[in-house]
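Have a look below at one chain only, the form predicted alone, in structure tokens format.
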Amino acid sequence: MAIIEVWYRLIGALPFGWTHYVFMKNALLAVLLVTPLFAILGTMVVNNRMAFFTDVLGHSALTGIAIGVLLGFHDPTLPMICLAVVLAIAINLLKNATRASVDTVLGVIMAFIVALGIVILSRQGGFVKYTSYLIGDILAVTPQQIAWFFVIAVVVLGYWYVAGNAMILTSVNSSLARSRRINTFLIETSFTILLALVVIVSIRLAGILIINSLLILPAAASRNLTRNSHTYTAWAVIISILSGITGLIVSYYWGTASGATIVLFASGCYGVSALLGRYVMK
């Protein structure tokens, strides 16, 4: 908490009106912690064509909330995480066990999981109470949640340091990775579990409807500009952080939803990168 107090003083010294509000200071710190994680994980999501997969994980939060309600949890975060982890493992197993395309498997699972969550939560008109999870509210982030984001950031960076090269090689050529004695199933499963954890914990910040966009857009924009793995990740992080900070501050002045505003700026970065990429990549 001492670190957060120092952060408050540093940001409060800036000559802007929004820096006087604690909720904006908390939200900015959350953005600085979460956006690099989304960028790093997003590069692997884009490389492995997992955009639909992360969408399924995000929407599974509805059913996680429903299970939490049925079990009497005041805070449904734990059931949401458990369901997402189980779902991530199950999908990874199904990819290797069925002849159907991955998109088909994900479509079937998503249809079931979303319908189940809505049916449970809509009993006796109770669904309205949980609509906040659909759009999220980064301005409501607390210092305790920020501390958890810091822990998750350390875990993600530690995983990237240990398994990053193996993950990149697996995404490029899984056969070559196996020939080098890399357990590709373990790498893929551990990555999907970590991805599930980050997505679900961030749901309250960005919301179910747009959480996938925050993962995909910075990485996709970076991919338009470079093919080198190191610069690809670096640009994704830069684009994600800039979109996050700009979107948060602009949403304060516009009075709009912060998560959606951040996505708009990330979309703008993608559009610019798509145009620049035609010349940069020549």
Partner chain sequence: MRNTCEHCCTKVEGLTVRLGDNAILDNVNLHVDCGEVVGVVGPNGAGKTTLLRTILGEIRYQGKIVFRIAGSASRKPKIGYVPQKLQFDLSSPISVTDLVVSAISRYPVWAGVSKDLSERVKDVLSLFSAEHLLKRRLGELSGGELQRVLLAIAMTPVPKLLLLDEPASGVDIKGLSLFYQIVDDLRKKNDIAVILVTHDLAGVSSYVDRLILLNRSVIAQGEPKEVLSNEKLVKAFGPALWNVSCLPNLTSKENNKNGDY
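What you see is a predicted model; the values in this text were computed from it and never measured. Numbering follows the first chain given and starts at 1.
The same protein has a further form, the form predicted together with its partner chain, not shown here; the description that follows concerns it.
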message = With the partner left out here, check for me: in the predicted complex, does some heavy atom of S175 sit within 4.5 Å of its partner chain?
response = yes
inquiry  = Is F38 near its partner chain? Define near as a heavy atom within 4.5 Å, in the predicted complex.
reply    = no
key: Contact label in the predicted complex: S171 to its partner chain, heavy atom within 4.5 Å   = yes
query = in the predicted complex, does N92 have a heavy atom within 4.5 Å of its partner chain?
reply = yes
query = Which one of these stretches, 243-251, 228-236, 24-32, 59-67, sits within 4.5 Å of its partner chain in the predicted complex when only heavy atoms are counted?
reply = 228-236
query = What residues, if any, in 60-84 have a non-hydrogen atom within 4.5 angstroms of its partner chain in the predicted complex?
reply = none
